[in-house]
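Listed next as structure tokens is one chain, alone, in the form predicted on its own.
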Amino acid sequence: MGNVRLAVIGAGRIGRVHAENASFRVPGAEVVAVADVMRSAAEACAARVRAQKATDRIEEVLADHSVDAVVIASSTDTHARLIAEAARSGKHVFCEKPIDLDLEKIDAAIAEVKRAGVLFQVGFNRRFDPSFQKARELVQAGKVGEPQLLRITSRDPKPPPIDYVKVSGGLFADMTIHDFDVARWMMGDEVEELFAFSGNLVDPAIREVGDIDTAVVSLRYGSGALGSIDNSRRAVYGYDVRVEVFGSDGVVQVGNLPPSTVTVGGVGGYRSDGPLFWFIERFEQAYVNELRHFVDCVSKGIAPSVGAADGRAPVLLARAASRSLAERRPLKVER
């Protein structure tokens, strides 16, 4: 087939990233439409990527027979509905995480995808980061022996806007969900039990809207291996995302990426760059790679590697973490 013709739904920050990547960095992709409830945002994004259509009526792009697939980058509460509508329209679907926060809505959306026979990929971009991919390959190839301990650190440089916190579903659903996905994928095993602790140590406004800003989640896998995830909404030194898998024969570690590897020495000691400041910069290549994967799968008619089950499982973990926090006890993870 020729170029995969994409419609980007949602022209906010992440929607613009996907639109620009598809237009300028993903061979075989073409953005033909941009839709957003704010027409001005759709028009600005469409102009930037030279898309033919900009609209505030999403139903227009779903009814457009020139569109092969949609990239859903709108707010979380619209994901499940748009997945279902796109599937019924015969469009392949790439959707940002999470599918939804409600399991019934997730399952209903997945059922529509299966019924329509369209391809579906969830946007867990860390799976497509070269360093994360290399680490997983080494773990799965047995280079650390039997995995025994996983450790994930995930800290944002600054808290998100309070208006976002109010609708995001909370820290476990909008932030830790990436870590829950990596925890499953990196170890090649399912989390059977977890125990969540939390605090409000960063921003009083987050507490006031009923959320947390600091957390530690302990994990137990089906194999008996253990894991831990620590999160903070504010790391003053930059975006801090690290992973370590310790096993019977060794360890694999993924560190932070600095803007440069330059080190300066003097009478005061040595100085080097800290981590890249934000996730857009840190996972720039991962965002390109995940969309390349989706477009390649659509072109070849093969299922993406990050499918519906991978979109559902981290939500189960986020729900279990929230319950564990509320009930102050370890919880088995529902399936």
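All of these numbers come straight from a predicted model, not from anything done at the bench. Quick note: we count residues from 1 along the sequence shown, nothing fancier.
Keep in mind that the form predicted in complex with another copy of the chain is not shown, yet the notes after this line are about it.
Partner proximity in the predicted bound form, defined as non-hydrogen atoms within 4.5 angstroms of another copy of the chain, places exactly one of 306-314, 271-279, 38-46, 60-68 at the interface: 271-279. Only one of the listed residues (P130, P161, P204, G210) places a non-hydrogen atom within 4.5 angstroms of another copy of the chain in the predicted bound form, and that residue is P130.
Of the listed positions (A73, I177, A235, V165), a single one reaches within 4.5 angstroms of another copy of the chain by any non-hydrogen atom in the predicted bound form, namely A235. Contact check for R323: every heavy atom lies farther than 4.5 Å from another copy of the chain in the predicted bound form. Contact between G265 and another copy of the chain in the predicted bound form is found at the 4.5 Å heavy atom cutoff. Taking non-hydrogen atoms only, T78 never approaches another copy of the chain to within 4.5 angstroms in the predicted bound form. Among residues of the shown chain, G142 is not one whose heavy atoms approach another copy of the chain to within 4.5 Å in the predicted bound form.
For the stretch 18-37, the set of residues having any non-hydrogen atom within 4.5 angstroms of another copy of the chain in the predicted bound form comprises S23, F24, R25, P27, A29, in sequence order.
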